[in-house]
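Listed next as structure tokens is one chain, alone, in the form predicted alone.
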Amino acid sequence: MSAPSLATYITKRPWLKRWMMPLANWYADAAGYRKLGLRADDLIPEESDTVLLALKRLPPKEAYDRVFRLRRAFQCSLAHQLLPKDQQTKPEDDYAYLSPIIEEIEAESKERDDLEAMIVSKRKKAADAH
């Protein structure tokens, strides 16, 4: 599910992060999802089993807020209107709430696959070696 990302490379280098942050902020603002009251994680497609499981693991309040944001954005889209400035998502409110859960599920899945692929064999006794 997760695509390769340069984010870790950029955040480890302060000079590069300082240079890229204005560009990243401009891009997030130009994307327009904040003007509809959405967060970046609201845009993750719900088509994979991993995302569906992550949505089930969300706390009830966060799940309710997500559905509210999606419905409100859909209504704004149908009306061809943007939310008033005071209701738009602010950059500090646009944090990852679903991505960490997705990464956790992917790690669990990888660990499960590794354990299922493991071959278990009996150890030979020390007495057999003599």
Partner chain sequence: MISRATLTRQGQRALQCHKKPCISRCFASAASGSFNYETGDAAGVKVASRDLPGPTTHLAVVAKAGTRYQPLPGFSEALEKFTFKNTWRRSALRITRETELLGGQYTSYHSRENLIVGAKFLRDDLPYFAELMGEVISQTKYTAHELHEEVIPMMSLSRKAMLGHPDLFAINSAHAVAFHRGLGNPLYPSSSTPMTKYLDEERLQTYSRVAYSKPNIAIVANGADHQELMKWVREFFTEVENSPPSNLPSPGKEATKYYGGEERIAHDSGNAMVIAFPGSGSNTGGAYKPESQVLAALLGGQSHIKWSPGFSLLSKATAAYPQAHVQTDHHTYSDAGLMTVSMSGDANQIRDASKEVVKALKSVAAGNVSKEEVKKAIAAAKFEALESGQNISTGIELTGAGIIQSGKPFQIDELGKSIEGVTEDQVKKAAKSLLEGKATVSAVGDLYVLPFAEDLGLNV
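Just so we're on the same page, rigid core means the largest C-alpha set that superposes within 1.5 Å between forms. Here the structure is a predicted model, which means the values were calculated and not measured. Positions refer to the first chain, counted from 1.
The form predicted together with the partner chain exists for this protein as well; it is not shown, and the discussion that follows is about that form.
- Not displayed here, the partner chain is kept clear of E106 by more than 4.5 Å at the level of heavy atoms in the predicted bound form.
- Taking the partner from the other structure, the partner chain in the predicted bound form has a heavy atom within 4.5 Å of a heavy atom of R57.
- Using a 4.5 angstroms limit between non-hydrogen atoms, R112 touches the partner chain in the predicted bound form.
- In the predicted bound form, the partner chain sits within 4.5 Å of a heavy atom of M118.
- This chain is displayed without the partner chain, yet in the predicted bound form the stretch 49-57 from 92-100, 49-57, 76-84, 26-34 comes within 4.5 Å of it by heavy atoms.
- After superposing the rigid core, the C-alpha of L23 moves by less than 2 Å between the shown form and the other one.
- Superposed on the core, the two forms barely differ at A107: its CA moves less than 2 Å between the shown form and the other one.
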